[in-house]
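Below, in structure tokens: the form predicted on its own, a single chain.
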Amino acid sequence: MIGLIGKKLGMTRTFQEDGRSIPVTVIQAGPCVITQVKDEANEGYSSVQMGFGAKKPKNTPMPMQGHFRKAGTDPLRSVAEFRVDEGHEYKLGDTVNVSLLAEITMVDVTGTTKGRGFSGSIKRHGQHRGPDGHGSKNVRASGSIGMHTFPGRVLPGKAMPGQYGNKQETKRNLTVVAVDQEKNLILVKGSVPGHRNGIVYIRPSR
């Protein structure tokens, strides 16, 4: 089954019948327009490309304007491709909305995490700080990063300061709490990667 492109609206909570509070993330899932259908004969694999979110034509390159025009839709901001099996019923120009996930209980959500820039090892990896008294010079700096004469080098993958966040991440097996088909909203339990209004990709869990 294909997925959907959506937008993270924020977090809130819902209450179950027994009074328990459940933290949920509200996602606007679709509506998405199918902008291209690929098959084994032409591209070597079967997939469906879809777009989401309005975009001004003046900000869209001319080749992409023609691509969207062929699908009978206005320019779209986000485009993604989902692999499907041969023999599917999706056609060019079709609109897919959150009803696709109405019967799904678990989903995987992919997004880009919040970018926090260049960060130290304490913030980036949760390392402990050093002593801050008696002339200490490495309160927040990393301690030893190497070893003795053998192997005499820093091993690959060592936790060091560097870029923190702004990378693609997937939260798997998130429980679907509710689906609002009229407003194209889906509520999933817990948090999903990214900032408010960030683009996310929702797929049914395997």
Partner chain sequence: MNIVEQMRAEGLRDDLPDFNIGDTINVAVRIVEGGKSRIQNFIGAVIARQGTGHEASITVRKISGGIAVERIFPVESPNVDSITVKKRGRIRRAKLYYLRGRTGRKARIREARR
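Only a predicted model underlies this, so the values are computations on that prediction, with no experimental measurement involved. Numbering follows the first chain given and starts at 1.
The protein also exists as the form predicted together with the partner chain; that form is not presented, and the subsequent description refers to it.
Chemist: Would I34 count as touching the partner chain in the predicted complex under a 4.5 Å heavy atom rule?
Modeler: Output for I34 is no: heavy atoms all beyond 4.5 Å of the partner chain.
Chemist: Residue-level contact is defined here as any heavy atom of the residue lying within 4.5 Å of the partner chain in the predicted complex; does D18 satisfy this criterion?
Modeler: Heavy-atom contact with the partner chain at 4.5 Å: present for D18.
Chemist: May I ask you to check whether L187 falls inside a 4.5 Å heavy atom distance of the partner chain in the predicted complex?
Modeler: Output for L187 is yes: heavy atoms within 4.5 Å of the partner chain.
Chemist: Under a 4.5 Å heavy atom criterion, is L174 part of the interface with the partner chain in the predicted complex?
Modeler: Taking the distances in the predicted complex, the answer for L174 is no, it never comes within 4.5 Å of the partner chain.
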